[in-house]
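Here's a solo chain for you in structure tokens, the form predicted on its own.
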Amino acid sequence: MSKLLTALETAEWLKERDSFLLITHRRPDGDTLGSAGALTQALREYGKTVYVLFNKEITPRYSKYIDDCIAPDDFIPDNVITVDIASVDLFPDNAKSYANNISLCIDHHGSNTMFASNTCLNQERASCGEVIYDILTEILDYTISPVVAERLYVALSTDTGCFMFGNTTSNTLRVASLLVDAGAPIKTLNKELFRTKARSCIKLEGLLNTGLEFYFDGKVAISSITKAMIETTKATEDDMDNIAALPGAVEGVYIGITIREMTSPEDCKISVRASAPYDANEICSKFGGGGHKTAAGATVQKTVSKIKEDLLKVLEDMF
């Protein structure tokens, strides 16, 4: 059984130990990478030895916030920490050997399976970056540096859609303000992360918008991303960042769903975005996934058409 730690207890736990390896989740986003990069930098500034396990799915959009943190091949840690990971199913392949030896899990997902020896979990926080901020500010003689502020801002802003998603709280905005004061370059970050798109991304979004399907009097919108669409538009993983939010942006839509073909036609990822009173986590839990009420996901070994059929059955029960 995992031992639950407060932010203060987690700060003390980190101060008492050294030689850390951090793990980020599969298909890493700005939250897991920004959080890992920030915690690595902060602990190094505090005099600790800490690295992040290489994740082959890191995209160019976020690589510069984590490149200087990657562990050498011969590094053997004393303590392994997961960041923004709710279950071992989300471990990248090269992290699975650590699955039974996780010293600490830092997370904000209500669906967390408590797989670590110790867990610092706060599902009231909109991002894992906020949890990391809570922990760092409990280390009384540590001051947030500009590099840490930048990486934490990446975590907060990307997991809240630049503070536009429903998971944004007053605490999120307070922490963001403090990160700006600490040196986070928000003009540059906001332009790079939210106001700049590649041509391939624009083309892919165009295909998605024209192919949207609506159900239940327009309350549900479903889009599909096939490998053929990706090949046609020459879209990259960076182009996929936040693309799951598109269906939910349509007026009158409460549940936006994106189904994406991955390595084969029978290997798909479901991404769900929901507005009250609907629950994205409840939907994805039916497919072995999870997340938050407003945003959740699942990986399913079925075709797009079969997943859509199964989704509509689940949604019919809800409506």
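Residue indices: 1-based, along the sequence shown. Note that the rigid core is defined as the largest set of C-alphas that superpose within 1.5 Å between two forms. A quick note: this is a predicted structure, and the numbers were derived from the prediction, not measured.
Just so it is clear, the following notes concern the form predicted together with a further copy of the same chain, a form of the same protein that is not shown.
- Taking a 4.5 Å heavy atom cutoff to a further copy of the same chain in the predicted complex, the contact residue among Ile202, Leu140, Ile76, Ala228 is Ile202.
- Taking a 4.5 Å heavy atom cutoff to a further copy of the same chain in the predicted complex, the contact residue among Ser224, Thr119, Thr168, Ser87 is Thr168.
- Taken together, the three residues Ala176, Phe194 and Val250 all lie with some non-hydrogen atom within 4.5 angstroms of a further copy of the same chain in the predicted complex.
- Stretch-level contact check against a further copy of the same chain in the predicted complex with heavy atoms at 4.5 Å: of 77-85, 91-99, 185-193, 105-113, the positive one is 185-193.
- a further copy of the same chain in the predicted complex comes within 4.5 Å of no heavy atom belonging to Pro146.
- Though the partner is left out of this view, Ala198 does reach within 4.5 Å of a further copy of the same chain in the predicted complex, counting heavy atoms only.
- In the predicted complex, no heavy atom of Thr232 sits within 4.5 Å of a further copy of the same chain.
- Using a 4.5 angstroms threshold between heavy atoms, Pro72 stays clear of a further copy of the same chain in the predicted complex.
- Taking a 4.5 Å heavy atom cutoff to a further copy of the same chain in the predicted complex, the one contacting residue in 257-275 is Ser275.
- After superposing the rigid core, the C-alpha of Asn55 moves by less than 2 Å between the shown form and the other one.
- The rigid-core alignment places the CA of Glu213 2 Å or more apart between the shown form and the other one.
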